[in-house]
Ligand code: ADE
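Next up: a single chain in structure tokens, the form predicted on its own.
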Amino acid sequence: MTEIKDFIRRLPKAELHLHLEGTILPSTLVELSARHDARPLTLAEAEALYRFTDFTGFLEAFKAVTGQLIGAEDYELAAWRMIEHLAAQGIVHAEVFVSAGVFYHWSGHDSAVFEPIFAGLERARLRGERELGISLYWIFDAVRHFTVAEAERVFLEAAELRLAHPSIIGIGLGGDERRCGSAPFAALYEQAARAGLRLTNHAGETTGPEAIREALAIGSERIGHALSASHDFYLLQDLKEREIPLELNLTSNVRTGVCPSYAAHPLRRYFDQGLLVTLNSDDPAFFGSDLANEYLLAHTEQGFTRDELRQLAANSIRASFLPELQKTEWLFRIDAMK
């Protein structure tokens, strides 16, 4: 086991479905609470927030944690801790969701307040690039079960800030699919694409394959979770033929109860059918995992060999929004690994 863990650690890989707020460990939450609360959280109280049994409970926990992110220094701390942990796993590139939709909705702040927040994120990103050699892009994530107007605000902010910060690579649409699909956001996705933003989307996590079709219909380039595609043969063929990258999340799906077990997860089936699948940790602090552990689970729970793990790493680079030259360089290094 030590040998395969070392191989996974050394394997150059990208993480493409990772929520900044979901990387905040209970210990960091206590630190943030000490900055803001008259009665700061104890570690036991913080750890209790991370215990949930279903998807709705997870959303409530996520809301509680994001409530401790108030100023630029908070976001910078969270981002730096995340980047340190990414680098320690052998992750060379990450494309990270920032829940701007949650920030605006729950805080009541206006756009002017988010600019210094983003400056804090950028300080952490540049430090990670300089000190740890890891590259990182930001994806501004809206919340589908809020309003379309709120999503528009998030996407416009991404487009405007991107003019000075090319590290803002795209947009995303998270939140509760059971309450709202993708179709209402079609015009916003079209506008975002014209602004040069790449298009990601959570789909098929808690809903059926029709949600994935709907996400594709509005131009989504990458699909997060895509669990329910396994129930639709023709959708699987379409995803394969179009080489749509799928951002899969083993532990996340098991912990939120949308998948009954690691053995039941469609990762192996998708991989064997030739789909462009990638492994990701989603909200690692909430689920007690990280990307290195997801690769290990693919090996121990679904029988992925070293060469297949290498292919998953290569998929993560191919599915990223990195420039083609950088992709080629990382793919060469992955192929050369012993």
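Just count from 1 along the sequence shown to find any residue number. As the structure is a prediction and not an experimental result, all values here were calculated from the model.
The same protein has a further form, the form predicted in complex with the named molecule, not shown here; the description that follows concerns it.
Contact check for residue 62: a heavy atom falls within 4.5 Å of the named molecule in the model of the complex.
Contact check for residue 283: a non-hydrogen atom falls within 4.5 Å of the named molecule in the model of the complex. Residue contact with the named molecule in the model of the complex: residue 175 places a heavy atom within 4.5 Å of it. By the criterion of a heavy atom within 4.5 Å, residue 252 is counted among the residues contacting the named molecule in the model of the complex.
The contact with the named molecule in the model of the complex, taken as any heavy atom within 4.5 Å, belongs to 55 out of 304, 55, 271, 50.
This chain is drawn without the named molecule; in the model of the complex, the residue among 222, 265, 225, 125 with a heavy atom within 4.5 Å of it is 225. By the 4.5 Å heavy atom rule, the three marked residues 19, 202 and 205 all count as contacting the named molecule in the model of the complex.
Comparing 304-312, 27-35, 289-297, 275-283 against the named molecule in the model of the complex, the single stretch with non-hydrogen atoms within 4.5 angstroms of it is 275-283.
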